[in-house]
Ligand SMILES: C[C@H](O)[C@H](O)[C@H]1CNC2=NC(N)=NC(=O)C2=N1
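Okay, so here's just one chain, in structure tokens, the form predicted alone.
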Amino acid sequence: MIEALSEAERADALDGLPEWDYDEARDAITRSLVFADFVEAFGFMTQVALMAEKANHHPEWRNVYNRVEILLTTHDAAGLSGRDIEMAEAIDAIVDE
């Protein structure tokens, strides 16, 4: 069973994810990204989708033209888990490429 992060674990994890915001209502983290155009945004989403499928951990997200909004939470844990932190770090690595 996947456990939700404690408050201290969440605070420590968020310190290492400066581009992500905490959504208290969902016990989730969010990030908004803006790309040059739709093709670049969709290319990013494709990379994340392939990674998420391998990890069997899928983001909630929304795309409008060149903007992508991502929300990460673990439904099985009813909140933020280590899996979300790992996914956020992997997403940040893709953005930084």
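Residue indices: 1-based, along the sequence shown. Predicted model only: the values in this text are computed from it and were never measured.
Although not depicted, the form predicted in complex with the ligand is the subject of the following passage.
Though the partner is left out of this view, H57 does reach within 4.5 Å of the ligand in the model of the complex, counting heavy atoms only.
Among residues of the shown chain, E19 is not one whose heavy atoms approach the ligand to within 4.5 Å in the model of the complex.
Though the partner is left out of this view, D12 does not reach within 4.5 Å of the ligand in the model of the complex, counting heavy atoms only. The ligand in the model of the complex is not approached by D23, whose heavy atoms all lie more than 4.5 angstroms from it. Although the ligand is not shown here, in the model of the complex the stretch 64-82 places heavy atoms of T73, T74, H75, D76 within 4.5 Å of it, in sequence order.
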